[in-house]
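Take a look at this single chain in structure tokens; it is the form predicted on its own.
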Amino acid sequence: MVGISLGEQHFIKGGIAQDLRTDGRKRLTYRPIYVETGVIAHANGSARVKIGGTDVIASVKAEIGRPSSLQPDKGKVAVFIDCSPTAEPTFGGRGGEELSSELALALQRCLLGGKSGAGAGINLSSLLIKEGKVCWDLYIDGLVISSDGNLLDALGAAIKAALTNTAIPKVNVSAEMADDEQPEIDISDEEYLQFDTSSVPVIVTLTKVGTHYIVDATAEEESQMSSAVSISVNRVGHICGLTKRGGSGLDPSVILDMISVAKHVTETLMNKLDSDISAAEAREEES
């Protein structure tokens, strides 16, 4: 929890009202973004993303599994987040566990859409190897190293970068088998398939402070918020998910305006992340 004086609170709110935040940014401007890929050697894909003072790592591990009986034609994805107490003292104990669960649930919704699968950023059918028998299970882990606000957006960007960095081994399945038998599979050590991230969204959180809303809020700015809406938008402008936090209610017209702003901001953010991820991948190949 950020402790600031009454004078600092007025300074933060006054600056946002005048479209000049305490660090010199406008309301809809992000802090500098840094992306590094391939940071965890034994993962199928990994990335580190820094947005200002917020620093997170995401990794992807692919393991052979069995499709669920309810979705025999799809693979499975699970998201786990760990908020390290070294990142923020309040992350120690129950506070960190609750935030980790909240972030993981929000990210799962953003990546996998609704129960019907509508709006999913990850195509679970692409993880199927043999219907009803064998599939890939993706385990996505996020770690918060340093926290200075806007954790959900940073984790979403890190997961997008880690998925772009992910290579899944090619699998050959034996053709002859009985219906009640598990097929024999051969996992290649040499041939890999790059994971398709064309539909993976970016997350834009709009934080309401006073009568205005801002993107990429710092921890100090978040301490003054009345509410925040996180909107995940894919490359073609479709909404993949929406979550709200904070006790203050929002008029539906305000939410619609926030969605419109998020779509506008997403275009710039998506291009920026794509460029940074490509540059990070190039650096990884050179090293």
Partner chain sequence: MEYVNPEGLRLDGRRFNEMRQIVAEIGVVSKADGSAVFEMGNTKVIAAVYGPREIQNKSLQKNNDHALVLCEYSMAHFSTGDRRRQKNDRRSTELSLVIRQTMEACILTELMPHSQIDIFLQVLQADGGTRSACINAATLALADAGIPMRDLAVSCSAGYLNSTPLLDLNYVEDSAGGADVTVGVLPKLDKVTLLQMDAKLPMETFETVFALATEGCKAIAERIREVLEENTKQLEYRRAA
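Note that the coordinates shown come from a computational prediction; the quantities given were computed from them, not determined experimentally. Positions refer to the first chain, counted from 1.
The next section is about a form of this same protein that is not shown, the form predicted in complex with the partner chain.
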Among the candidate residues 151, 122, 217, 143, which is the single one with a non-hydrogen atom no more than 4.5 Å from the partner chain in the predicted complex?
143
Work out which of 163, 87, 127, 209 lies within 4.5 Å of the partner chain in the predicted complex, going by heavy atoms.
87
I'd like to know whether residue 225 contacts the partner chain in the predicted complex, with contact meaning heavy atoms within 4.5 angstroms.
no
Give a yes/no on whether residue 39 approaches the partner chain to within 4.5 Å in the predicted complex, heavy atoms considered.
yes
Residue 83: heavy atom within 4.5 Å of the partner chain in the predicted complex?
yes
In the predicted complex, is there a heavy atom of the partner chain that lies within 4.5 Å of any heavy atom of residue 61, even though the partner is absent here?
yes
The stretch from 209 to 217, 134 to 142, 151 to 159, 166 to 174 that lies within 4.5 Å of the partner chain in the predicted complex, judged by heavy atoms, is 134 to 142
